[in-house]
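For reference, the chain that follows is the form predicted alone, supplied as structure tokens.
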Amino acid sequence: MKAEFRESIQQALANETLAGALGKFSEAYRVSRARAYEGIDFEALRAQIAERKGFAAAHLEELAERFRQSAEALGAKVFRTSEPAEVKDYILRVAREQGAQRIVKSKSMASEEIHLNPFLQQAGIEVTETDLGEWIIQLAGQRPSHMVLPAIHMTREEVAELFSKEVHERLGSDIPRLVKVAREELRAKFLNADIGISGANIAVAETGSLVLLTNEGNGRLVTTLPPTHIAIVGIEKLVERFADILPIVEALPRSATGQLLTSYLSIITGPAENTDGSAKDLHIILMDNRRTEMAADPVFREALQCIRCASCLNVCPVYRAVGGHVFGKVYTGGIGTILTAWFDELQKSDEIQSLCIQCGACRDYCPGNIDIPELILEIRRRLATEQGLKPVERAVFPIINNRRVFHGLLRAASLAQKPFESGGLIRHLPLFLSGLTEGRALPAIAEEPFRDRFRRIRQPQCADKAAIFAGCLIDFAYPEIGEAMVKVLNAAGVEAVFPEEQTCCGAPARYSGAYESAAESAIANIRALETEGVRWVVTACPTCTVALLKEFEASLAATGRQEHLEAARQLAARVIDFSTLAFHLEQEGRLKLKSEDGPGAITYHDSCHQKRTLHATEEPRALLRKAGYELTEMFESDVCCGMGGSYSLKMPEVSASLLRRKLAHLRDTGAEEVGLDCPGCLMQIRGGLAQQGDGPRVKHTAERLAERLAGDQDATAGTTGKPRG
């Protein structure tokens, strides 16, 4: 990562104004969006959008030609091109033919994409953005930091300073006064403009119509007052039929700003009349710029389902921390990373893709039903294929894939850490490693890993057996979680086995784009877990669970290891996360927990994979209540804590920022205990509290259940029977 990019991250994180603006908006957005979608089946709605936009993406050529015919039959001039330069040349040619000197624009991301404004200004044409946020950005000489709210990063005082320079009058920061100044300044621009340029939210092939949704009247003024209207439309905005606009119009304002509807919905079908009765000169530019290439890509075609609502930005914890000037180019956030890789070039997305923490919030909120995190992983895979892995990754992943060497190094590290370890934690590291303990302590590597402890655990012989997949953290950092799992399983009449050939699940490699290494891990673990007589393969790490359930097969398919796919599917059919299994066992009456004399108040943190991929949020809560805990929900319990696996090592500054916010919400509950189901989140949150010197006790659900087993089970579980071997 370039030093300039790292510095831009640090500057953004230190910007209290940015943090305040983005923090307040994202908190308010979740509330307003939830209200806006009340009574609406969001899953059904986005399924409609995905189906209709997906159909359009698969038929772009056909729909573009049909749109051209429909629009031209009404008197519009339609120009289609793949080249951004041709778009700019076309607009300049129209301007010169008409002797135009003044252009007003309504917000158009497509024009930002091709850097239209500076091109026209260099040709001597005055160009004015008329969307309030875009005008502010233009005066500031910046680029938008958000696709819907371009000036969200600026304070009213900064806006007042810009306006003061524009009108040569000292202005205060009173918002109504600033809006009035903008209205007065822009009114003359509208009346004197020769050309109006707009974008479009939707283009309908059936009718040749353009659909624009805006919250300011400037969109209608730009498209109606000047004698010439030029619309720049990315061809991904095409839909087949007029009826297809309904689900998009229903979802766009709700997902963008939490509104039920926008202030203005404009449908332009053919040239309107000018004030003198003549027909307006209407030009529609269908811009490609690699969109048809994207549509032809079986993986990335899905991204063309985007309706540009920016909900992925609004719920992204990393975007909230650093803003769009760091996390993005012209297009920002998660979807911006993908669009940058295609509309600009793959290499331009290299640094910004590294900001994605893979929490999955964007996927849950996207009205286009786009799996943004998975597409970003594909970008990483292609970057790794084209450019090769980073030097550290090239060195580390082969070691991780060699189980004996990897585990040997971990055992050696447990001795080497002694000078830095205290009370099971490493609070400070020297020299270039110091950033790893910035804001949190790290767990010490266990002197005796779980795989060694497991051999001494005495268990009852049971008809049901479960293979424990420990994962690296439980095996080598938190073996007590593994012991608790065995204790709870035994109490429910389930005998645990531990296949010793198991190794890293491959998630660090996969999330770095190293799919070959991830596939090697998958093959090794599939072989290790092919254990006869095992009913379940149970894990207490959501990341490992997702790897076994979904990612083994995906990594194998991506690397052409077809011969292992069936074995991966058979393994996935037996995989279950610990809390879900424990919940089912409790429901069946096999697991009995103490409910009396409860330990008191507890709050719960939802890990990203547990919540968004496994959808196991109620099971651990129900178990904790059954165990006598009083559950106090924390604000934003499902927002990422900043761990993200190896993300916290690669992006320690961002990780620490997310952690601070999580710890503040945790403390606000007043609970003395914290429950969670992810050893990675445990490492992050426990380490953060430890570094601050005090705080609630953080434990995995497995540990808490093991402590609250009913008396008859607690006395025998995990202690009697034959020793494991």
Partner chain sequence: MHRVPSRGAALEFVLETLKQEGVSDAPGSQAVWVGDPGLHPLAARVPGLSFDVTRERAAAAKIGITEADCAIAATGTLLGDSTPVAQRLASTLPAIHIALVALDSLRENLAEALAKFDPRRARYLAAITGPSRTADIERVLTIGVHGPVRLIIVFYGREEASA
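Residue numbers count along the first chain shown, from 1. Predicted, not measured: the structure shown is a model, and the values here were computed from it.
What follows is about the form predicted together with the partner chain, which we do not show.
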query	finding
Segment assignment from 564 to 572, 123 to 131, 617 to 625, 291 to 299: heavy atom within 4.5 Å of the partner chain in the model of the complex	123 to 131
In the model of the complex, the one of S646, T155, S637, N369 near the partner chain [non-hydrogen atom within 4.5 angstroms]	T155
In the model of the complex, the residue from P271, P449, G199, P508 that sits within 4.5 Å of the partner chain by heavy atoms	P271
Complete contact of I379, N402 and L581 with the partner chain in the model of the complex (any heavy atom, 4.5 Å)	no
4.5 angstroms heavy atom contact with the partner chain in the model of the complex for T275	yes
Proximity of R170 to the partner chain in the model of the complex, heavy atoms at 4.5 Å	no
Contact label in the model of the complex: E206 to the partner chain, heavy atom within 4.5 Å	yes
is_contact(G333, the partner chain) in the model of the complex, heavy atom dist at most 4.5 Å	no
In the model of the complex, residues of 618 to 636 near the partner chain [heavy atom within 4.5 Å]	none
